[in-house]
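To begin, one chain is listed below as structure tokens, in the form predicted on its own.
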Amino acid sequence: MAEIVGGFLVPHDPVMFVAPDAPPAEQAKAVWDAYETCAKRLAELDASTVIIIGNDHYMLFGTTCLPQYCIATGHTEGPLDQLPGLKKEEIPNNEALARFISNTGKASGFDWAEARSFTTDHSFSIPYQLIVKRASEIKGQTIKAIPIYIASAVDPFITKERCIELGRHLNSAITQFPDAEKVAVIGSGGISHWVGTKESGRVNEAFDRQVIEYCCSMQVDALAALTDDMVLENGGNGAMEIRNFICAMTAIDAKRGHLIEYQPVPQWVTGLGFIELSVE
């Protein structure tokens, strides 16, 4: 049977790739080093598959179709939005586990949008390339990765309550999977950041610290209780991505969180937090 071995909450900031030298060097190094720390820890967990929960940015689905939650069950590549140092490549998907999750959902009230051919964006590919692919190099063994995209970046948003339910469904489906997989889950998202608004470049460290405290103390209900109006005012439209954290935390059913690194980086327009979620 498959087991969940842990996971991480990490950012997916594309500005890091287009303006790597914009912040003070020490601060930039702390962020890049945090990704390396996550990769080393993932390798130590001996994970064979990682599920990355991210979100579209009007790149993959556009305005014509906005699924509340979508899982890639077939050929996967990305990112669509290639950046310096982040090039498109084929991604080794665990198609059997992805299909099992989707099929299990249909029997338990979760009608997944299913992508049998999928191109990711940076919300998946940044943690994939900097953590999962790097951990594969450290281990000397390929770690597969399943993209899950939830509606946490653009309206209509998935509710935070549904994120909790979706996380519980993921936990149940993964642990029912009959093959011997060690599965880690990554929630991919920034904390405070304003995207495409006049406040872009603002970072609210007080809000970020509140979110980090909830994540490290596993207060999922408190995180979910933050109203959208409160999040938008204090964390910006980009902070609606805390839904990805909520879903991942619930999927892992973690017992505790550990802050690896936090850096408020206005030059990269985001509050960047890295948290390891432990099941023991």
Partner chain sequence: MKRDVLERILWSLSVDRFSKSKFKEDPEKYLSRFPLAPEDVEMILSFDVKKMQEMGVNPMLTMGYWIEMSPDRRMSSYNKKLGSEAQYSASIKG
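Residue numbers count along the first chain shown, from 1. No experiment lies behind these values; they were computed from the predicted model shown.
Beyond the structure shown, there is the form predicted together with the partner chain, which is absent from this document and is the topic of what follows.
Next on the checklist: Please pick out the stretch from 133 to 141, 149 to 157, 170 to 178, 112 to 120 that is in contact with the partner chain in the predicted complex, where contact means heavy atoms within 4.5 Å.
Outcome noted: In short, 149 to 157.
Next on the checklist: Just checking whether residue 108 would be counted as a contact of the partner chain in the predicted complex - the rule being heavy atoms within 4.5 angstroms.
Outcome noted: Judged by the heavy-atom cut-off of 4.5 Å, residue 108 is well away from the partner chain in the predicted complex.
Item to check | Contact of residue 20 with the partner chain in the predicted complex (heavy atom, 4.5 Å) | outcome: Output for residue 20 is no: heavy atoms all beyond 4.5 Å of the partner chain.
Checklist entry - Taking heavy atoms only, is residue 59 within 4.5 angstroms of the partner chain in the predicted complex? => result Because a heavy atom of residue 59 falls inside 4.5 Å of the partner chain in the predicted complex, the answer is yes.
Checklist entry - Contact between residue 164 and the partner chain in the predicted complex at 4.5 Å, heavy atoms? => result Heavy-atom contact with the partner chain at 4.5 Å: absent for residue 164.
Checklist entry - Which of these residues, 92, 201, 74, 85, gets a heavy atom within 4.5 Å of the partner chain in the predicted complex? => result Looking at the other structure, the residue within range turns out to be 201.
Item to check | Any residue of 246 to 280 that, in the predicted complex, places a heavy atom within 4.5 Å of the partner chain | outcome: Result: 266, 267, 269.
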